[in-house]
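This document contains two forms of one protein chain, each encoded as C-alpha cells and listed individually as structure 1 and structure 2.
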Structure 1
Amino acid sequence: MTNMVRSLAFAAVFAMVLAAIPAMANEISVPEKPTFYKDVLPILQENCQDCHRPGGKNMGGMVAPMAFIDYKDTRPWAKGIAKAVSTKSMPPWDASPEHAGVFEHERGLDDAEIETMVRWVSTGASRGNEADGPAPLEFPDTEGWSIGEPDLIVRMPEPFFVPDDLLDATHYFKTTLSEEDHPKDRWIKAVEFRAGSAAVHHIIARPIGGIAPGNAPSVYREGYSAKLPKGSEIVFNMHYHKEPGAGTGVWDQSEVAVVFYPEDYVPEHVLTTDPLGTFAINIPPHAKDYQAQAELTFESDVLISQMMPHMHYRGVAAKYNLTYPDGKEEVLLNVPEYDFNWQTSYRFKEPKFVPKGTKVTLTGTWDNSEDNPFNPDPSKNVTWGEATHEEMMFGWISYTNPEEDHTGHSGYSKRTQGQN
C-alpha cells in the first residue's frame, strides 16, 4: 500500500466512524422535534409530578413551587427545565452514580430522557397533540396523610409568628408527650410531617424522625421499627426561610403524624440510629476543601438499613467508608455533591450485612470559599453550631443486630473518634 492509499483508507474509516456518531445518538431514540404531550409529559409524569403538582409532596418542608401537569403549567418553565435536567439538579438525587440500583426511591433520568427534554426546549417547546399524550395521573387526596390515618399527631406547643423581617432562622420548640396522647411505648411504622406555613424550610422532630429538607414521608420496612417511649420529649427543630418584607410574616404551627404498628406487635428488627459525627469543626475563612472525620466500630454483626448525611450550607460532600476486620475497604455511601436542601435518607433495597468489628468512617467536606453559592459569608471562621450559618456533621446511620433483635436494645457500636 502506498502512503497515499493508506491515508485514503484511513480517511474512509474515519468518515465511517464519524457517520456512526449521529446513528448512535439516534439509537437512544430521541425524536427530532419532541412535543410536550407525546414525548415530554410521560417523563414528567414518571419523574417530576410526585412533587410538581398542586399539593405536591411535602418533602420535609420542601414543596415544589410549580406544577408540571399540562402544557399551560409547564411551558413557562421550559428553559429552567432544560437547565435543571441537564445539570442534574432535578430530579433531586445526590448519591454518586456508582450506587445506581442500590437504594430505594432512586431518582434520575437516563440520557435519552434528558436529551428529549433539552431538545424539546431547543426546538421551540411545542405543544403537540393532547390526544398523543398519556392519561393524567391520579393522585391521592392531598387533604389526607399519605401514610394513612395517624395514631398520634404532635404539634409545636404553640403557634410561632415568623416575623416580617426574618430571612433565615432556626428555632427550637419542645413538647412532652402526655399520658393521654401517648399512654405507652409503641413501635413506629410511619412518620409524616406537615409544615404549618410556607416559611418552613425544614422540620426535624427528635426522636420521632430525622426528617430534613428533601425527605419523603418515611414508612419503615415491614418488620423494622424504632420505639417511641411514653413521656418522650419531642424537640422541633424548625428552620424558617423566606423573603423578608412588610406583610410577609406568618403564623406557623407545624406538626408531625405517626402511625404505629399494632399494640401487641413485636418488630423483628429494632433500628438503632447513630449520629456518627463530630463537634471538632473549625473551618478557616475562604478554606475550600476542609475535611473532618468521625468513626464508629460495630461490636456485633449488623444489617445496615440506611444513612442520611447532615451538614449545613457550607457542606459539599459526604462519604461513608467501611473498613472490614480483614482490612478490606468499601464505599458504603458516597454523596459527592451534598446539597443542604436535599438531605436524602438513602435506604438500601436490601439491608447490608457487615460483620462485627467493621469500622465506618464518615468524611465530610466543606467549601468556605466564595465559589460555594450557598456560602453566606466566606470571610467567617466557622465552627460547630446549630444555626445553619454554623456547621455540623452528622452521618446518621441506622442498623439492626440480626442476632439480638426484638430486644429494643440500642447501641451496638463503639465510637472510637470524633464524638467529643
Structure 2
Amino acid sequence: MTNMVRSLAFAAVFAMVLAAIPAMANEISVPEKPTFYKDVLPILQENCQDCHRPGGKNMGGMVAPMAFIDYKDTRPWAKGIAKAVSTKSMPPWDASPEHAGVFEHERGLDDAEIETMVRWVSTGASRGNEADGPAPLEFPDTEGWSIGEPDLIVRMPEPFFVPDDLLDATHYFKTTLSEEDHPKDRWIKAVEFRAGSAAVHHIIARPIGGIAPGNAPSVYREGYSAKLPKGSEIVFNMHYHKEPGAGTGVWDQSEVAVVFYPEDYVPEHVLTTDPLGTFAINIPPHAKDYQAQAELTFESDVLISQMMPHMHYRGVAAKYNLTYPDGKEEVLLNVPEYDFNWQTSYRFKEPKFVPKGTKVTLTGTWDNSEDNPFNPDPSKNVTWGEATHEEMMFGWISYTNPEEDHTGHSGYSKRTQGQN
C-alpha cells in the first residue's frame, strides 16, 4: 500500500469519526475545545501511560515505541491516537462487549473519553495550561522487576546465538534448580519473564509459566497459587523470530523471575492450568472460515480463574463455550477479533464456579484467504506447527477444585479434540 493510499484511507476513517461527533455530543458531555493538559492527559494517565512511557512495561516482548507523558512527546502522534481510539484498536482488548465488567484489568475507553481525544485532534490538538493537568505519575524503576525483588531468578543454562539466517525457529534448553538456589518447595506469588534479545518471540518455561506477545507479568490472585518443587527441571521453550540477513544474529540468554509466598504459606486454592487444544489442524489454501475444536469435561466441581487463547497469524476468533450437565449452554469467553500481537490472559474478577460434568468447548477460527492482511501465504495448506507461519490452537484455562485444593491434586478433567 502506497503512502498516498494510506493517507486517503486514514482521511476517510477520520472524516467518519468527525461526522459522528455532533450526534455523540447530544448524549455525552465533552468540552468544545479540549486541551492536552486539562482533558487529554488524565485519560492518557489512566489508560495509556503504563505502556506509553520511557522504558514502558514489557508486554511479552513488546515495549511501546513512543511515550505519552507530556505535550511535546504526545503531539506528533495526535492523529494516530485519534484513529487508534476511535477504531478501538487501542487500548488493546479483544474480548466481546458482552463480557464488560467481568474480567480484571479490562482495557478500554468510554464514549466520552473517545470523543474527547478525537475532538482534541479535530480542534487543533491544543496544549492548554500545564498547571491544569494532573501531577505526573510515578512508575517503578525500569531497570528492576515490576513484580518486586525476586526470590528466584532462573536463566537459560548458557547464552544461545540466534544466527543471521534464522527467520523462525524453536529451541529447548533445560536447567535444574540447585539446592542452593531453591532448597525447598515454595508457592508462587508472581512471575515475570525478561527476554534476552529482540529475537525472542515467546517463552514457555515449564513448570513456572510463559509469555506471548501482549502478556503482562503474572501475579497470582490472593489465596491462589501453584507450587514450584525443589529440584525442579526448568525447560525453556524459546521461540525465536526475526528478519534474516547478514549481521542480524544476536546472543540470547532469557530469564524468569519468581516471587514466592512466605515459606509457611499454604494457599486456599491450588491452580491447575490445562493447555486445551488440538493438533488436528489442516487448513486448505484460501479457506476463509476454517474451524477446529477441543473439549474438556470437568470430573469434579471447579472454580475457573482465567483463560488465554493462542493461535498464530491466521487465527481470527476464539470462543470458550460451557455445556452444563443439564444441557444448558453459556459463553465463557468470546474473542471475536483475535489479535496475534495481543494474546491477553482474561482473569475473572471473581472465579467462576462450574459443577462436575460441565464441558468446555474451545472453537478456533482461522482465515487463510487473501482478505487476511497478516496471512503469510494464502496459497499454502497449513497444518499444526511451532513456527508462526504454521498454526496452533491452545486455549489455556486455569482452574481449581474447591474440595481438593489442599492436596495439590491436578487432572480434574478429560479432553477430546477434533476439527471441521
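For residue numbers, the reference is structure 1: its sequence is counted from 1. In this text, rigid core is short for the largest set of C-alphas that superpose within 1.5 Å between two forms. Owing to the predicted nature of the structure, the values given are computational and were not obtained by experimental measurement.
Undergrad: Given that just one of these two is the form predicted together with ligand HEC, which number is it?
TA: It is the first structure that is the form predicted together with ligand HEC.
Undergrad: Determine, after fitting the two forms on their core, whether D73 shows a C-alpha shift of 2 Å or more between structures 1 and 2.
TA: D73 C-alpha, core-superposed: shift of less than 2 Å.
Undergrad: Can we say the CA of P91 moves by at least 2 Å between structures 1 and 2 when the core is superposed?
TA: After core superposition, the C-alpha of P91 moves less than 2 Å between structures 1 and 2.
Undergrad: Examine F236 after superposing the rigid core and state whether its CA is displaced by 2 Å or more between structures 1 and 2.
TA: Yes, its C-alpha moves 2 Å or more.
Undergrad: Hey, core superposed, how many Å does Y172 shift at the CA between structures 1 and 2?
TA: The alpha-carbon displacement, core-superposed, is 4.0 Å.
Undergrad: In Å, how large is the C-alpha displacement of M156 between structures 1 and 2 after the rigid core is aligned?
TA: That residue's C-alpha is offset by 2.4 Å.
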